[in-house]
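Just one chain follows, in the form predicted on its own, and it is written as structure tokens.
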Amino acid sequence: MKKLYSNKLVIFSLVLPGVLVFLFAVLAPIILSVYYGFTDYSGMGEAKWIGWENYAALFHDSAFGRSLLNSLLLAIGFICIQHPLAILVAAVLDKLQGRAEGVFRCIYFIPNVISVAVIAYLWKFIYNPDFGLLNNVLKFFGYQGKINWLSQQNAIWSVLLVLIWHGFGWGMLIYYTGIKNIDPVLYEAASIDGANWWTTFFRITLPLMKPVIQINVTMAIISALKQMETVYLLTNGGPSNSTQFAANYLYQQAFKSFRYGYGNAIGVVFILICIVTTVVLNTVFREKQDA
């Protein structure tokens, strides 16, 4: 077996399929996107080279700016609301024993198993101003008015609530797995020294979870940038682009407005933002760990 794997021809034959998949399924589309971003291609006919016009137009596109702002708000919601709650729930689940631990773990993960289409239409009914669950709950407590939760003033907050709730299970599961990999001996030693649950959480769990937190935060920011399916089915970026996100706006421009070149320019900017965000977060967490 050692002689077989030392054969360069065998190594090349094993590596080649993966390299080809990367070249034709990942690298080639990225290169084509960069190229089409410099053209006025509509998806049909010939592509005319127009240089930086698409990128210049992006800087004056209020809808694109709004999509980035909404992505920033969602990223803040993920980091400041979803993830603190997820890591606390994961820590509490770790302390449960027996069947209860598995039951609650499944309950929290259920939204991630349900189809995005079902989730979107479920929340449409919840937000309905005439017979929706939220307005009926408010009516039960004495409020007689009707709130349009998907109006221009309220829509972005309603969409953010759905996205934060829907992604909670993944974040919780990753934190739960990270906590499970912490050596129980550390908790036993802390318990012998008289440390309570909160002290153990802040002095043992959180410091040892830094690599997991780094991965989760990076994934959360990238996920905030590429939100599309739920937004598309719930509001499609409306009303008046108040719930627009970069991925949904890219789809609208490229495949509905037939501005394929402009859509690819949005995609290239999106990729650059993801790369810069990942590098910055890796640098910040590396400096904290070194300190």
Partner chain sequence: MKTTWQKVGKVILWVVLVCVAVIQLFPLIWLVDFSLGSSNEMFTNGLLIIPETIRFDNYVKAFVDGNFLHYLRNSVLINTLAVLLVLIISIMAAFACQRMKWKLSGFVSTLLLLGMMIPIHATLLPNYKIYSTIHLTDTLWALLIPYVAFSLPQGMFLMTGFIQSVPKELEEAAVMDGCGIYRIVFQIITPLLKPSIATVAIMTFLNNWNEFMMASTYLSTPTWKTLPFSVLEFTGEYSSNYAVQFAVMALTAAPAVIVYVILNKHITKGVAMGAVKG
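Since this is a predicted model, take the numbers as computed values, not measurements. Residue numbers count along the first chain shown, from 1. We call the rigid core the largest set of C-alpha positions that still match within 1.5 Å between the two forms.
Just so you know, the form predicted together with its partner chain exists too; it's not on screen, but the next bit is about it.
- A heavy atom within 4.5 Å of its partner chain in the predicted bound form is found for exactly one of T235, N54, S67, N264: N264.
- If you check its partner chain in the predicted bound form, you find no heavy atom from any of I50, F78 and Y187 within 4.5 Å.
- Judged by heavy atoms within 4.5 Å of its partner chain in the predicted bound form, the contact stretch among the candidates 67-75, 200-208, 131-139, 149-157 is 131-139.
- For I192, no non-hydrogen atom is located within 4.5 Å of its partner chain in the predicted bound form, even though that partner is not displayed.
- Within 4.5 Å of some heavy atom of its partner chain in the predicted bound form lies at least one heavy atom of P29.
- Of the heavy atoms in L281, none are within 4.5 Å of its partner chain in the predicted bound form.
- Although the partner is absent here, Y260 is a contact residue: one of its heavy atoms lies within 4.5 angstroms of its partner chain in the predicted bound form.
- Taking its partner chain as positioned in the predicted bound form, the residues of 232-256 that bring a heavy atom within 4.5 Å of it are, in sequence order, Y232, L233, A247, L250, Y251, A254, F255.
- Comparing the forms between the shown form and the other one, the C-alpha position of N264 differs by 2 angstroms or more, with the core used for superposition.
- Shown in the overlay between the shown form and the other one, fitted on the rigid core, is a CA shift at A254 of 2 Å or greater.
- With the core superposed, P239 shows a C-alpha displacement below 2 Å between the shown form and the other one.
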